[in-house]
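Okay, so we've got a single protein chain in two different forms coming up as structure tokens, structure 1 first and structure 2 after it.
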Structure 1
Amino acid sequence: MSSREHWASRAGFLLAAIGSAVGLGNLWGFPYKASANGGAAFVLVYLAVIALVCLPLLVVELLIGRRTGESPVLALAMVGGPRWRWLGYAMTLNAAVILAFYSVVAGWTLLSAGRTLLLGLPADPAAFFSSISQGPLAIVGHLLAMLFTAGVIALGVRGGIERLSLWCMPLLFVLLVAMAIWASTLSGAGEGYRFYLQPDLQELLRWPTLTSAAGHAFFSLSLGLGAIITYASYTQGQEGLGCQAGMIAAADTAVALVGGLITFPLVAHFNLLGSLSESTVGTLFVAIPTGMASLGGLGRWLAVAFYGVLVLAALTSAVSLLEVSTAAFIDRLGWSRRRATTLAVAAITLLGLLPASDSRWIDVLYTVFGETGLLFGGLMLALLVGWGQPRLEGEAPLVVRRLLRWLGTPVLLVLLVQSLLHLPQVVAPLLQS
């Protein structure tokens, strides 16, 4: 284990973990899901799930990673016994499938940023978006995103992931806050905030609202698929885990909330609230450039900043997804980092051709793997730590184990069953055509 890589600094690890959590889920998924699922009702469920279920699980993933110094397959076998090895494999596979569609959306952000930077805003944003969202250009975007992600991972934990996070995350925060302040000065901002946060409490009684908010909380915190276990396995020392978990969750939630404070005022200012409630995957990619174009030359640079934020957020998350598979090959098969990265990237890139060719796959893969899969991973961890006898030598705080046993397990069980029942509805349209 002595040859294993480590983070150079505590700040580097924290920024990398926050970089994994803060991603397209916060800036693209959260606002449109919140608006489509009852505004503040969605936000309330989201916050409750984060505080009561995700935070204890985040502590557990950090603890398992740090304690074992291994990626999920070996780590779970060490903590739960060999019987739990399958969960490590399932998580690793889940991370690979998520990256396959995540990198397609990351490709949209790269192409949108590149086009706006080099050529200005497209004259017809809807047509531009439909040209890049599936088909040959989407494949190019996907390849670019995978290439970049692979480059970072091949450079290693310190030289790649940590260095990227130390540069990107502060830049991302500054750009985000600056954009939120600017958005608050727009006429119509108030209407946007109201649309975003008006509580439709009836939504709290609908299962799809509950499962999508809970699933989204897992996705947003990168929980339930071993990304946090993997990152934590490169830490040393005994720093307060609760404190680290709190900082990661707080930063991730803050970015999601601030993301909404940017997009809703903008969309309201440009009179596009109607198009937002259609809640298609492409809303932001069409609504934002449409609005920005009306601001003339300045709009182009604001759009570059906006897409720049999306690119930074997407790539730091994609990197963490790829590290799960890469670390599994390195730890399990003793491969070199370069060889492990090459194989993982080749397989995931191939799989990504599916969602890149037909964007309806993104929704399906997100629901099956990004929502249901993560709830499943979370439930299994809750069972292992809340009910089993994990070899964590008294390190898992009692309150965490109790929460997972009496609250996490039943809540996750119900949510998982509900989301499984909902799956046929999501997959059906794809099978019909």
Structure 2
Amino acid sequence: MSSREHWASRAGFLLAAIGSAVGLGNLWGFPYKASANGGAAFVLVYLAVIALVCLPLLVVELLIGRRTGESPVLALAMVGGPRWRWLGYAMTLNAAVILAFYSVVAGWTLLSAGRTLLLGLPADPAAFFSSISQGPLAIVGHLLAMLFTAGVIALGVRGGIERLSLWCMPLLFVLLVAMAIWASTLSGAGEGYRFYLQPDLQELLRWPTLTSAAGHAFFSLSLGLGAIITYASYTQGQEGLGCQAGMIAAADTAVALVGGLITFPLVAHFNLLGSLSESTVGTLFVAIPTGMASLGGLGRWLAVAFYGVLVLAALTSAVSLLEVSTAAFIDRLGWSRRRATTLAVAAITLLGLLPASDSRWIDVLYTVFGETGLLFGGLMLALLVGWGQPRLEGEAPLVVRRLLRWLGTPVLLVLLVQSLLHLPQVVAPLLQS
């Protein structure tokens, strides 16, 4: 324990934890799902689930990591006993597989940002995205994303993860706010805001709105895969868990909400509201670049800023995913950071060649690991803590344990069953080809 790395500052930990939670799901999935599920009705349910289900789970992950000072495999065995060690292994595997396809998507943002910065917006955004979404260029993007992520992790907690977070997260926030202010000046912004913020109470009674918002709230904070446990294991302070969890959840939610304040005015200005709910990938990588190209030189630099935000969000999340596997090798096997990083990166990079070669695998892996796997991990944590784990009763606040028992457990169980029922629809097209 004495040789284990620790954060140099409280701000470094908080920004790193926020960076772990803030990802493409905030800027990519949130506007898409909101537009498809009643706009503001979706947002209201999302906020309620964040407060009542996600915050208690976030407190638990922070508590487990800080109490044990270990990554998930050893941490869960220390908290729940040896029979819970398997959950730590499952979380570590889940984080590795998610990174394998997440790095491919991060590669799309890197290639799009680089192309726009160096050469300007492509004349045919659809053709350009088709060329980078799978095949040789997608593999190049995947390798670039993994190389950058590996470099950060190899530098350690303070020299890599914390330093990246201290620079990137404030820059991400500044870019987001600046773009939201600019988007508010566009013609059609009012229509976009109305679509986004005007509640439709009838939508609050629709099952798809409820389950979609609840599911995305859970995914948005990256709960159930061990990243927050791992980051919390490097803390030494005694700050209130509720305060830390609240700041992480508030920042993550704010990014998602501000992302909508950018996306909806943009799509309204370029008359894309009808297409937003049809394809979020098409909107981000085809429709919005097409619209920005109509603005001439200004559009190019706005696109650079837009993709810059996506790159920052993608890479800070990728770093947290890789740290789960790296920390497991270090804690469980006693390996050096460099050796652990090398093996984890090699395995994940090889696995990522599959979705990079055929983008249909992204939907399959996302559904199996990014949805079902996360929900399963969250449900197990809710059962472990909410149903009377004696070793945590004196530390986990009573309100947290009761919320996990009577609200978190049933909500996560319903979402998990729904995700399992959805699996055949996602896998079938790939198996039939």
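Bear in mind that the values here come from a model prediction, so they are computed numbers and not experimental data. Structure 1's sequence is the ruler for residue numbers, which start at 1. By rigid core we mean the largest C-alpha set that fits within 1.5 Å across both forms.
For the form predicted on its own, the corresponding chain is the one labelled structure 2. Once the cores line up, the CA of residue 41 ends up 2 angstroms or more apart between the two structures. After superposition on the rigid core, displacement of the C-alpha of residue 317 between the two structures stays below 2 Å. Core-superposed comparison between the two structures: the C-alpha position of residue 88 differs by less than 2 Å. Relative displacement of the residue 212 Cα between the two structures on rigid core alignment is 3.6 Å.
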